[in-house]
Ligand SMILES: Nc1ncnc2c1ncn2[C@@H]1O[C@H](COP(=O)(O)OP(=O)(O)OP(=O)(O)O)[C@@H](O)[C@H]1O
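One chain comes next, on its own, written out as structure tokens in the form predicted on its own.
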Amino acid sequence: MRKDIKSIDDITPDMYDELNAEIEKDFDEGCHGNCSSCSSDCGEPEFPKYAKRLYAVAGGKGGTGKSTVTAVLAVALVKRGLTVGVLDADIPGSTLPHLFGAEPGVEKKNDKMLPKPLPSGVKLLSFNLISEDLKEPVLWTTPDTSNVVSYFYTGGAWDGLDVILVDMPSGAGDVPLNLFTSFPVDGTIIVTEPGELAVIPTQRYIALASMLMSTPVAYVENKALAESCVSDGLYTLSPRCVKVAIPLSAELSALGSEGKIADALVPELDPVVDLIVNAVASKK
């Protein structure tokens, strides 16, 4: 990737075709954004790697169920024998502590925040675990929000985990840009829903992730109205991308509202679980 590009501000419209050509060439040659297995000099993420695999669970449109998918996926991975941490990067719109029914409070040890151990076995760090008043709006600038997300990563005691899942905020804005260029992301899990309203924001996010060398490894069509994905053909996805559909479910929604998301059974996510389990095994 061009070394003169340090941020999104350095990208001009006349560079898009050249960048897309470079991304396609790199992907075909085996570069899927996993710098830990690469011997090239294209650059390393800014932050250290605390888990064998780190995935961003993301999407361009709000309300698609990214947090629910993150939570269910995390619990499923624990049931497969992995140690799993979840970093809540959606600070203004955080729902993960509520989904898990997690009590507030985070302990510290040696100046590090201890990700909160939940009964499900998942370890969680979220701003909502330490916020004094959850009803107060988070009136921070984008750089401040990005800095807090970075602090939760670098200031958390994540060492030794198999997997970290990052629940991303919606939209292809500055926070995702900073995270993708700073965190050692091994791949992106795109979460969307059927319908025309989701198409443009979802494609924008896929383009952003691909441009920043974190090509989507999985595509989840949540709230699906059919047993198979009906919208994946609308997007530019690699043939290697695992595609699954989660049916629209009142039961799943109710479990999340009641703080019992760890009790949810979503077998449709098994192919994504298999993908991550196999990726972790390859690091041993």
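We number the residues from 1 along the sequence you see. A quick note: this is a predicted structure, and the numbers were derived from the prediction, not measured.
Below, we turn to the form predicted together with the ligand, even though it does not appear here.
Stretch from 236-244, 211-219, 64-72, 48-56 whose residues place a heavy atom within 4.5 Å of the ligand in the predicted bound form:
Looking at the other structure, the answer is 64-72.
S170, Q203, T145, S120 - the one with a heavy atom within 4.5 Å of the ligand in the predicted bound form
The residue from S170, Q203, T145, S120 that makes the contact is S170.
My question is simply whether V230 lines the interface with the ligand in the predicted bound form - judged by any non-hydrogen atom within 4.5 Å.
Taking the distances in the predicted bound form, the answer for V230 is no, it never comes within 4.5 Å of the ligand.
With the cut-off set at 4.5 Å between non-hydrogen atoms, does L248 touch the ligand in the predicted bound form?
Residue-level check for L248: yes, a contact with the ligand.
Contact label in the predicted bound form: D186 to the ligand, heavy atom within 4.5 Å
Taking the distances in the predicted bound form, the answer for D186 is no, it never comes within 4.5 Å of the ligand.
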